[in-house]
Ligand code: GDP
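Just one chain follows, in the form predicted on its own, and it is written as C-alpha coordinates.
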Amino acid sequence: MTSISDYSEQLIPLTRDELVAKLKIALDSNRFHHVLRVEQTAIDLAKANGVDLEKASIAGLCHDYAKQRSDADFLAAIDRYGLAPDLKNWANPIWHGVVGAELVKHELGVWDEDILNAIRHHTTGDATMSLLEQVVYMADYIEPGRDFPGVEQARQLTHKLLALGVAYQTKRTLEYLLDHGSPIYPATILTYNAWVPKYEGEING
(Lines give C-alpha, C1' and ligand atoms only; values in the text may rest on other atoms or scores of the structure.)
Protein backbone atom coordinates (compact mmCIF):
# COMPACT_ATOMS: atom_id res chain seq x y z
CA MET A 1 0.00 0.00 0.00
CA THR A 2 1.42 3.35 -1.05
CA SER A 3 0.48 6.67 0.52
CA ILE A 4 0.96 10.36 -0.19
CA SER A 5 2.06 12.42 2.80
CA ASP A 6 1.84 15.83 1.16
CA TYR A 7 1.60 17.67 -2.15
CA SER A 8 3.87 19.92 -4.12
CA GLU A 9 2.38 23.35 -4.84
CA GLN A 10 2.13 22.74 -8.58
CA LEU A 11 -1.20 20.89 -8.68
CA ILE A 12 -3.23 22.28 -5.77
CA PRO A 13 -2.62 25.24 -3.45
CA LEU A 14 -3.38 23.11 -0.40
CA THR A 15 -1.58 20.52 1.65
CA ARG A 16 -3.15 17.08 1.69
CA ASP A 17 -4.28 17.67 5.29
CA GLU A 18 -5.93 20.95 4.28
CA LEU A 19 -7.72 19.26 1.39
CA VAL A 20 -8.92 16.42 3.62
CA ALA A 21 -10.21 18.98 6.15
CA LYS A 22 -12.24 20.72 3.42
CA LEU A 23 -13.68 17.38 2.28
CA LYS A 24 -14.66 16.50 5.84
CA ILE A 25 -16.78 19.66 5.92
CA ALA A 26 -18.25 19.17 2.43
CA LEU A 27 -19.27 15.51 2.85
CA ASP A 28 -21.10 13.36 5.36
CA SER A 29 -19.17 10.66 7.18
CA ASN A 30 -19.99 7.81 4.79
CA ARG A 31 -19.07 9.82 1.70
CA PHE A 32 -15.93 11.19 3.36
CA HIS A 33 -14.64 7.71 4.15
CA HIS A 34 -15.55 6.60 0.62
CA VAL A 35 -13.32 9.27 -0.90
CA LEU A 36 -10.45 8.25 1.38
CA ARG A 37 -10.80 4.65 0.16
CA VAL A 38 -11.00 5.81 -3.46
CA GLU A 39 -7.84 7.85 -2.95
CA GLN A 40 -5.93 4.82 -1.66
CA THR A 41 -7.27 2.57 -4.42
CA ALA A 42 -6.39 5.21 -7.03
CA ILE A 43 -2.85 5.50 -5.66
CA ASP A 44 -2.40 1.72 -5.79
CA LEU A 45 -3.73 1.53 -9.36
CA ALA A 46 -1.62 4.52 -10.35
CA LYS A 47 1.53 2.87 -9.04
CA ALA A 48 0.73 -0.30 -10.99
CA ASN A 49 0.07 1.64 -14.21
CA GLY A 50 2.79 4.27 -14.20
CA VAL A 51 0.50 7.17 -13.33
CA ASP A 52 1.53 10.18 -11.23
CA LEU A 53 0.68 9.30 -7.62
CA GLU A 54 0.03 12.88 -6.54
CA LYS A 55 -2.48 13.40 -9.34
CA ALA A 56 -4.16 10.11 -8.41
CA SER A 57 -4.41 11.20 -4.78
CA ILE A 58 -5.90 14.61 -5.59
CA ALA A 59 -8.35 13.25 -8.17
CA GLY A 60 -9.37 10.37 -5.91
CA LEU A 61 -10.07 12.69 -3.00
CA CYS A 62 -11.83 15.35 -5.08
CA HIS A 63 -13.96 13.13 -7.34
CA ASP A 64 -17.01 13.46 -5.05
CA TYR A 65 -16.25 16.94 -3.70
CA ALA A 66 -19.57 18.25 -5.04
CA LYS A 67 -21.63 15.09 -4.50
CA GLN A 68 -23.75 16.56 -1.71
CA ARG A 69 -24.27 20.04 -3.12
CA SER A 70 -27.83 21.21 -3.77
CA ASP A 71 -29.46 21.13 -7.19
CA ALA A 72 -29.61 24.93 -7.02
CA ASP A 73 -25.81 25.07 -6.62
CA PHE A 74 -25.31 22.94 -9.72
CA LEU A 75 -27.80 24.89 -11.83
CA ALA A 76 -26.16 28.15 -10.81
CA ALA A 77 -22.70 26.73 -11.62
CA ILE A 78 -23.84 25.65 -15.10
CA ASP A 79 -24.73 29.29 -15.81
CA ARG A 80 -21.75 30.78 -13.99
CA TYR A 81 -19.17 28.71 -15.83
CA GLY A 82 -20.87 28.75 -19.23
CA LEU A 83 -21.42 25.00 -19.41
CA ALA A 84 -23.69 23.33 -21.96
CA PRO A 85 -27.32 24.31 -21.24
CA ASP A 86 -28.42 20.69 -21.83
CA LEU A 87 -26.76 19.82 -18.52
CA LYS A 88 -29.75 21.38 -16.78
CA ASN A 89 -31.82 18.40 -18.01
CA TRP A 90 -29.77 15.97 -15.91
CA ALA A 91 -29.25 15.56 -12.19
CA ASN A 92 -26.74 14.85 -9.43
CA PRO A 93 -25.34 11.57 -10.83
CA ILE A 94 -24.10 13.56 -13.84
CA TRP A 95 -23.67 16.97 -12.24
CA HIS A 96 -21.35 15.99 -9.40
CA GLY A 97 -18.74 14.91 -11.94
CA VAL A 98 -19.20 17.16 -14.96
CA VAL A 99 -20.16 20.30 -13.04
CA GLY A 100 -18.30 19.27 -9.91
CA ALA A 101 -15.00 19.51 -11.78
CA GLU A 102 -15.64 23.22 -12.28
CA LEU A 103 -16.30 23.65 -8.57
CA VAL A 104 -13.07 21.82 -7.78
CA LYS A 105 -11.23 24.12 -10.19
CA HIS A 106 -12.62 27.39 -8.85
CA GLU A 107 -13.06 26.54 -5.17
CA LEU A 108 -10.03 24.32 -4.53
CA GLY A 109 -7.65 25.77 -7.11
CA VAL A 110 -7.04 22.64 -9.19
CA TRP A 111 -6.31 23.64 -12.79
CA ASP A 112 -4.63 20.49 -14.10
CA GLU A 113 -6.86 19.25 -16.93
CA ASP A 114 -5.98 15.59 -16.46
CA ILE A 115 -7.13 15.73 -12.83
CA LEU A 116 -10.24 17.69 -13.79
CA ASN A 117 -11.10 15.25 -16.57
CA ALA A 118 -10.74 12.35 -14.14
CA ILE A 119 -13.32 14.08 -11.94
CA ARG A 120 -15.58 15.01 -14.89
CA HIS A 121 -15.67 11.49 -16.26
CA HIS A 122 -15.64 9.32 -13.14
CA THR A 123 -19.32 8.37 -13.55
CA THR A 124 -19.94 8.77 -17.29
CA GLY A 125 -16.60 7.61 -18.63
CA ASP A 126 -15.39 9.00 -21.93
CA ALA A 127 -14.51 7.61 -25.34
CA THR A 128 -10.87 8.60 -24.81
CA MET A 129 -9.64 8.44 -21.24
CA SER A 130 -6.11 9.04 -20.03
CA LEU A 131 -4.58 6.49 -17.69
CA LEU A 132 -5.38 8.81 -14.76
CA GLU A 133 -9.01 9.01 -15.86
CA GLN A 134 -9.17 5.22 -16.09
CA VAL A 135 -7.58 4.90 -12.66
CA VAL A 136 -10.16 7.13 -10.96
CA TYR A 137 -13.06 5.61 -12.93
CA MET A 138 -12.08 2.18 -11.64
CA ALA A 139 -10.99 3.20 -8.14
CA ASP A 140 -14.46 4.61 -7.51
CA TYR A 141 -16.01 1.35 -8.71
CA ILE A 142 -13.83 -1.19 -6.91
CA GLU A 143 -12.74 0.53 -3.68
CA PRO A 144 -12.83 -1.87 -0.70
CA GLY A 145 -16.18 -0.59 0.59
CA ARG A 146 -17.98 -1.61 -2.60
CA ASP A 147 -20.03 -4.80 -2.30
CA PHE A 148 -22.22 -5.71 -5.26
CA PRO A 149 -22.54 -8.70 -7.60
CA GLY A 150 -19.61 -8.63 -9.99
CA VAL A 151 -17.30 -6.39 -7.96
CA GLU A 152 -14.74 -9.17 -7.46
CA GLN A 153 -14.64 -9.80 -11.20
CA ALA A 154 -14.21 -6.06 -11.74
CA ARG A 155 -11.27 -6.04 -9.32
CA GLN A 156 -9.64 -9.04 -10.98
CA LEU A 157 -10.01 -7.59 -14.47
CA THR A 158 -8.74 -4.19 -13.37
CA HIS A 159 -5.63 -5.68 -11.81
CA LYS A 160 -5.04 -7.77 -14.92
CA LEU A 161 -5.39 -4.80 -17.29
CA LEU A 162 -6.85 -1.40 -16.45
CA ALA A 163 -8.72 -1.18 -19.77
CA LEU A 164 -10.50 -4.45 -19.05
CA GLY A 165 -11.89 -2.97 -15.87
CA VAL A 166 -13.04 0.11 -17.78
CA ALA A 167 -14.84 -2.04 -20.35
CA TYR A 168 -16.42 -4.22 -17.67
CA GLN A 169 -17.69 -1.31 -15.59
CA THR A 170 -19.03 0.48 -18.66
CA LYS A 171 -20.94 -2.57 -19.84
CA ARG A 172 -22.41 -3.25 -16.40
CA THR A 173 -23.41 0.40 -15.95
CA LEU A 174 -25.21 0.54 -19.28
CA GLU A 175 -26.98 -2.75 -18.54
CA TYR A 176 -28.10 -1.37 -15.17
CA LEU A 177 -29.45 1.83 -16.70
CA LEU A 178 -31.32 -0.08 -19.40
CA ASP A 179 -32.75 -2.57 -16.90
CA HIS A 180 -34.10 0.29 -14.79
CA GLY A 181 -35.40 2.36 -17.68
CA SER A 182 -33.10 5.21 -16.74
CA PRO A 183 -32.04 7.93 -19.16
CA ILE A 184 -28.54 7.39 -20.55
CA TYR A 185 -26.16 10.32 -20.71
CA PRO A 186 -24.75 10.58 -24.27
CA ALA A 187 -21.13 10.31 -23.10
CA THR A 188 -21.90 6.94 -21.53
CA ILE A 189 -23.01 5.57 -24.91
CA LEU A 190 -19.82 6.89 -26.51
CA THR A 191 -17.82 5.26 -23.71
CA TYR A 192 -19.56 1.96 -24.36
CA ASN A 193 -18.89 2.09 -28.08
CA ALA A 194 -15.22 2.93 -27.57
CA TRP A 195 -14.39 0.40 -24.87
CA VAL A 196 -16.78 -2.55 -24.69
CA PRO A 197 -16.65 -4.07 -28.22
CA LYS A 198 -12.85 -3.95 -28.15
CA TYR A 199 -12.64 -6.04 -24.97
CA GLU A 200 -15.94 -7.96 -25.08
CA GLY A 201 -14.33 -11.39 -25.37
CA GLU A 202 -11.94 -10.79 -22.48
CA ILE A 203 -14.47 -9.38 -20.01
CA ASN A 204 -16.91 -12.21 -20.64
CA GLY A 205 -14.33 -14.97 -20.67
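Don't overthink the numbering: it's just position in the shown sequence, from 1. It should be emphasised that the depicted structure is a prediction, and the values quoted were computed from it without experimental measurement.
The protein also exists as the form predicted in complex with the ligand; that form is not presented, and the subsequent description refers to it.
*Asks:* Using a 4.5 Å heavy atom cut-off, state whether residue 185 contacts the ligand in the predicted bound form.
*Replies:* Contact check for residue 185: yes, within 4.5 Å of the ligand in the predicted bound form.
*Asks:* Taking heavy atoms only, is residue 173 within 4.5 angstroms of the ligand in the predicted bound form?
*Replies:* Residue 173 belongs to the contact set for the ligand.
*Asks:* Look up in the predicted bound form whether residue 177 has a non-hydrogen atom within 4.5 angstroms of the ligand, and give yes or no.
*Replies:* The answer is yes: residue 177 has a heavy atom within 4.5 Å of the ligand.
*Asks:* Quick one: is residue 47 in contact with the ligand in the predicted bound form, heavy atoms, 4.5 Å cut-off?
*Replies:* Residue 47 lies outside the contact set for the ligand.
*Asks:* Pick from 63 to 71, 22 to 30, 48 to 56, 150 to 158: which stretch has a heavy atom within 4.5 Å of the ligand in the predicted bound form?
*Replies:* Heavy-atom contact with the partner occurs in 63 to 71.
*Asks:* Output the sequence-ordered list of residues from 123 to 146 with at least one heavy atom within 4.5 Å of the ligand in the predicted bound form.
*Replies:* Those in contact are 123, 124, 140, 146.
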